[in-house]
Each structure stands twice: as structure tokens, then as C-alpha cells.
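Heads up, the chain below is alone and in the form predicted alone; it's given as C-alpha cells.
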Amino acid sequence: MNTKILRNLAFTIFTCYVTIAVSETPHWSHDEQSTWWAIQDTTQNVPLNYPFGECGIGKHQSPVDLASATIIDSKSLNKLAALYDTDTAPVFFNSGHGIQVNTSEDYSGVLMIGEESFPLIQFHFHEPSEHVVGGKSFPAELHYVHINEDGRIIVLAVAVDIGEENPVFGTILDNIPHEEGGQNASSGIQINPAELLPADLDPANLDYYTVAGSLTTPPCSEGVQWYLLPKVITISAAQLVQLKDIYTNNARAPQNLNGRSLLSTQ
């Protein structure tokens, strides 16, 4: 499967704009997340008329409260390496549910999990954070989304706190269209996604927590493996205000762990 096909697949999954079907998926918003499962697609017959049913019946849903999970650090885990390089033609995209940067078709950046390679398809932000610790959320959360040739989805998550201004985040904010569905593909700006990673972590050998989960937006599909970094990145208070001017409260509430544990390299 080439990178163009992977990006089309990612666009379909993560923006809920159907690129290969005649009609769009049903409208949803974060304000109605408790009833996502009940949203109907009146163009489909039973059981396809409830396309987001997994949001309600799934047992491995994301996000979660990390403080509620049992942490297992005794297992030997794969090495995690974010081998991101500079993207010379990123697309700044307003998904209708958040701000997002889609990598270009020939982008070569990948997340390596052991010997397996997962191309970076896009990264986006939630305000506030989706994963919480003891009920406490961070001001925002960054998600790097990867999909490999067999369709497996890996998300690398980074908590965002208030502190020093973040130049890369500022560039993203300044180039994101404010209209839903808007794309800025001709900015001429180059971005290295690695520059958004915590500065005190080695991208080639990341410490992490990992847990099985799902997409945090409809259709809430499970089978997503999450990797959460133990360090935060910072943005300034002014940048948080600028983010909220585009999207605010676009975070899903924590879901039941249902017996899941966190595996940790620490």
C-alpha cells in the first residue's frame, strides 16, 4: 500500500469526511459525546444505521484516566523511536473538530516500534487533554497518528502544559484555516514534527506508557495502540488562548478501563 493510499485512509478515518462513498458520515460534535453511539445514518439499513455504535458498546475505549490503571513495568517492551524528519509540504487542515497537520504524500517520517515501521500520517491537538491523571487534565494534548500497510493505527500522545512559547505550535496556529474543512496546502512552510516532542527525551529511544484503546472520535474504532510519553511540552498562555479561538472543549471524556493495564518502560 503506497503512502498516498495510506493518507486517503487516514483522511477518511480521522476527519469523518468520506472520500470514497457517496454520502458523508452523520454529523457529530463533542457536545453530544455521551450519545455518539445513538447517532443514526438514515441512508443505511440495520445495523449499519448506527455507524458510531462502538462508542457505546466498546470495551477498550480511549482516552482513560492514567492514574486509575495498574502499571506493569516488568515486561520487556519494544524500543520506540520517532524517526521524523522535515516535511517540505505539510497541509494545515481544519478538520471541523480540531486543528491538524497532514503530512505530504512523499513524507518519510515514521514511528518505529521494534522492527516495525508506522508512517506518520498526521498530527492534531485537543483542548483540554483527553488523557487525564487522577481526574486532572492538561491544557491540551498532541496526537501523532500513524497507519501502516495492514491498516493498524498507532497514536503517540504528548501532554501539553503552559510555559514557554512554542515556535512550531505558533507556526501551526498561524497557518490553520479558521473555516471548517479548510486546507492550506501552499504555505511554503516546512515543519519537522520531531521539534514538537519533549526536548529532554531522545526521539530515537523514547520512554513510554502503552495501552490498547480506540479512536477518541467517532466511529471510536478499537484496535488502536496508544503510546503516551512521560514528559510534557509547553505552549504559552497566549498560544492556548489562540488555540481556544479556533477550537475549545474538543476532548472526549475518560472511558472505563475494563481491566486494562498500562505497560511502561520506566
Partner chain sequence: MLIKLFLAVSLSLSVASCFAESDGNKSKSLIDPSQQKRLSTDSSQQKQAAQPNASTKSTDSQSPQNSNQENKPSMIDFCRKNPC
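Positions refer to the first chain, counted from 1. Being a predicted model, the structure only gives us computed values, none of them experimental.
In what follows, reference is made to the form predicted in complex with its partner chain, a form of this protein that is not presented.
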Answer key: of Leu111, Ile147, Ile176, Ile191, within 4.5 Å of its partner chain in the predicted complex (heavy atoms) is Ile147
Can you work out whether its partner chain is within 4.5 angstroms of a heavy atom in all three of Ser34, Thr248 and Asn256 in the predicted complex? no
Is Val64 one of the residues lying within 4.5 Å of its partner chain in the predicted complex, judged by heavy atom distances? no
Residue contact check: Glu195 to its partner chain in the predicted complex, 4.5 Å heavy atom: no
When the contact criterion is heavy atoms within 4.5 Å, does Glu222 count as touching its partner chain in the predicted complex? yes
Taking heavy atoms and a 4.5 Å cut-off, does Pro167 contact its partner chain in the predicted complex? no
Looking in the predicted complex, the residues of 114 to 134 with a heavy atom no more than 4.5 Å from its partner chain, listed in order, are Glu116, Ile121, Gln122, His124, Val133, Gly134
